[in-house]
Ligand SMILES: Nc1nc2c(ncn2[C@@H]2O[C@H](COP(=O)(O)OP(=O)(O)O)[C@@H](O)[C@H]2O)c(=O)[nH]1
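Here we start with a single chain on its own, the form predicted alone, put down as structure tokens.
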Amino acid sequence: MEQTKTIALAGNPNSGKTTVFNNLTGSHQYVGNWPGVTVEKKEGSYHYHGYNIKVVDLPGVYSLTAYSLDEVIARNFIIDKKPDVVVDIVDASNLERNLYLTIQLIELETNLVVALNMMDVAKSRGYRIEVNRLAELLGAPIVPIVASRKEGTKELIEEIGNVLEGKVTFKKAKLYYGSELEEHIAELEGLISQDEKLSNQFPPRWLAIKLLEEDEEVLQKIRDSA
């Protein structure tokens, strides 16, 4: 009997996320709406090594700061549903903008695979990306792809499988915010870690950062769970 695993596709608008979704799922797709809202929700599936892989295409967002409905939907799905793998589709020709979302996914302690898309565009602009070095810095496996030509799709599926099977051991990256902020983050993180309910629901460091940001959506979640 096949095991069902869930992966979520995240990425900036125009990163090629929809094309990656189509490449992975083919005709096995379902389009509906996210519960309670009119935002389109796309789901699909594929089979790999005895797994039934459910693919959820999250709304395209630039961050997970919950300033928009799309950001709230994407962030809540990752926090509440805890997908087995999050695939972050990154535009290789616009790394600086795209990696902001990547860092936030890392802070959420997701099992992350980075699909480095549009490698052909990056190359045509004269960019040279040291993929292995970037993977080390991010603490996540990276698969170079050109989704528009289905290049790298097989490798991406294999890397997702490796993460699902526990074959990938990357040291999680940690963004350093400076001594003053880190002191406050550590203090809050320690308090959160003592609360079993909170620390099971949220990664303590991520929650500490959100509290310092006075993220209203997170503050409300904490009030609701009290």
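Bear in mind that the values here come from a model prediction, so they are computed numbers and not experimental data. From 1 onward, residues are counted along the sequence shown.
Below: the form predicted together with the ligand, not depicted.
Practice task
Consider the chain as shown here, without its partner, and state which of Glu136, Glu109, Asp120, Glu155 has a heavy atom within 4.5 Å of the ligand in the predicted complex.
Solution key: Exactly one residue meets the criterion: Asp120.
Inset, instruction - Give a yes or no for Val143: in the predicted complex, does one of its heavy atoms lie within 4.5 Å of a heavy atom belonging to the ligand? - result: Output for Val143 is no: heavy atoms all beyond 4.5 Å of the ligand.
Can you check whether Ile73 is within 4.5 Å of the ligand in the predicted complex, heavy atom basis? Result no; Ile73 lies far from the ligand in the predicted complex.
| message | So, Asn12 and the ligand: in the predicted complex, are they within 4.5 Å at any heavy atom pair? | response | Yes - in the predicted complex, heavy atoms of Asn12 and the ligand come within 4.5 Å of each other.
Do Pro204 and the ligand come within 4.5 Å of each other in the predicted complex, heavy atoms counted? Pro204 lies outside the contact set for the ligand.
Check: Since the chain is shown here on its own, which stretch among 98-106, 126-134, 111-119, 77-85 would lie within 4.5 Å of the ligand in the predicted complex, judged by heavy atoms?
Finding: Going through the listed ranges, the match is 111-119.
For 15-33: residues with a non-hydrogen atom within 4.5 angstroms of the ligand in the predicted complex?
Residues within 4.5 Å: Ser15, Gly16, Lys17, Thr18, Thr19.
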